[in-house]
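Just the one chain here, laid out as structure tokens, in the form predicted on its own.
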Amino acid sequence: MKHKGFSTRAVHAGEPRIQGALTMPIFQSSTFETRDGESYDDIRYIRLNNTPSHDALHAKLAALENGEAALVTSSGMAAITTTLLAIMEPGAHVLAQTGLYGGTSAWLTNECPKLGFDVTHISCLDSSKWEKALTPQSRVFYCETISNPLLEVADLEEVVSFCKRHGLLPVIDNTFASPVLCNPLDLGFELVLHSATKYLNGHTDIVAGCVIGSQARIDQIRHKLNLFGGTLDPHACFLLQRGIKTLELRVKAQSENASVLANWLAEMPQVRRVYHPSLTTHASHQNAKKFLRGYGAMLAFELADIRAAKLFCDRLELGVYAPSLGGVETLVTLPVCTSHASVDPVQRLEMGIGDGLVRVSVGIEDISDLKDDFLRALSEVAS
């Protein structure tokens, strides 16, 4: 039976009820008995990401993103790099959104040319320039559902339409939205990526990644991953499988907190600008309304300079100054020091990422407590 409800799928999909157990067991064995006729990719072996622990998790992830198949990896970056290397040949050209996660941007900018790939960064909010960026070798259009850290949301239908007209493969990182807020495959994207470290797991205790799409595309990526060795261990599979079960509850609570906090921050004299798609002043507000089932739990705001931003982070008691996101606790970070530290400073400014930008991953704490904590920290920052 195919269940329609998201939380029903999050709880029950990929749960084989082994020996009647309600919780998927951890298959810690590295090696399994070989069966006749198996190809290399089908041999049961932990490095090949195909233990029963992996198979159950793949089924759950595919169900949540409405895909045919899924594949987990050892990190979000492993999912991104392995996917792109699997679907492109040397000489290929990539159109990549400006303002991507810093690790993705740095890999595309610094490493891809060494591997024989060309990359052109384009604004996803200005489609008039997309066609001019095309070359005869253009093969992939890479973007994020909600960009990191300025929370831009492209016209996702326009991206897919452009790709169809020009024979490009549309690939999207859905980490910030999660399957709760958006299912890009339903809009026509061919591959959806996640840093499963973030919202999918939600408890700040593993590093993982995943990619979801058609069976043929996932088989293509699996073959490359099996050679690269970006394996997710069975215990991490167990934790991710468990974390997903509360995904919808967490994301909805976090997103509601973020919308309230964003509107509140916009009234603070120390804050120069707030970035959150719920705000009518945000450049992507209309696209977010159209393509998302909520505005997300990430926000960012600008203070005067890096000194003010560091002082704010230092004075928080409830919010934690830490570089990741998506957990149940509220985390704050400075993109210039963490997610985008590897990006050239000039390029950062071109992206709109200033030294005083603070990124917030809003947790599930009581909103009144978060406001009190932020107010206390802001009171020590000059307006």
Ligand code: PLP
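Sequential numbering from 1, following the sequence displayed. Please read all numbers here as calculations on a predicted model, not as lab measurements. Rigid core: the largest C-alpha set superposing within 1.5 Å between the two forms.
In what follows, reference is made to the form predicted in complex with the ligand, a form of this protein that is not presented.
Engineer: Does the trio His58, Leu61 and Ser178 actually contact the ligand in the model of the complex, every residue with a heavy atom within 4.5 Å?
Structural biologist: None of them does, since no heavy atom lies within 4.5 Å of the partner.
Engineer: I'd like to know whether Gln254 contacts the ligand in the model of the complex, with contact meaning heavy atoms within 4.5 angstroms.
Structural biologist: Taking the distances in the model of the complex, the answer for Gln254 is no, it never comes within 4.5 Å of the ligand.
Engineer: Give a yes or no for Phe312: in the model of the complex, does one of its heavy atoms lie within 4.5 Å of a heavy atom belonging to the ligand?
Structural biologist: Taking the distances in the model of the complex, the answer for Phe312 is no, it never comes within 4.5 Å of the ligand.
Engineer: So, in the model of the complex, is Tyr101 in contact with the ligand at a 4.5 angstroms heavy atom limit?
Structural biologist: The answer is yes: Tyr101 has a heavy atom within 4.5 Å of the ligand.
Engineer: Whether Ser195 contacts the ligand in the model of the complex should be assessed with a 4.5 Å heavy atom distance threshold; does it?
Structural biologist: Close contact exists here: in the model of the complex, Ser195 approaches the ligand to within 4.5 Å, heavy atoms only.
Engineer: Pick from 245-253, 266-274, 287-295, 206-214: which stretch has non-hydrogen atoms within 4.5 Å of the ligand in the model of the complex?
Structural biologist: In the other structure, the partner sits against 206-214.
Engineer: Ok, Gly230, Pro234, Gly76, Pro170: which has a heavy atom sitting within 4.5 Å of the ligand in the model of the complex?
Structural biologist: None of the other options qualify; the answer is Gly76.
Engineer: If the cut-off is 4.5 angstroms on heavy atoms, which of these, Cys124, Ile221, Ile80, Leu95, is the one near the ligand in the model of the complex?
Structural biologist: Looking at Cys124, Ile221, Ile80, Leu95 one by one, just Ile80 meets the 4.5 Å heavy-atom criterion.
Engineer: What residues, if any, in 309-333 have a non-hydrogen atom within 4.5 angstroms of the ligand in the model of the complex?
Structural biologist: The stretch 309-333, when checked against the ligand in the model of the complex, contributes only Leu325 at the 4.5 Å heavy-atom cut-off.
Engineer: So, does Ser339 move by 2 Å or more at the CA between the shown form and the other one, with the core held fixed?
Structural biologist: Result for Ser339: yes, a 2 Å-plus shift.
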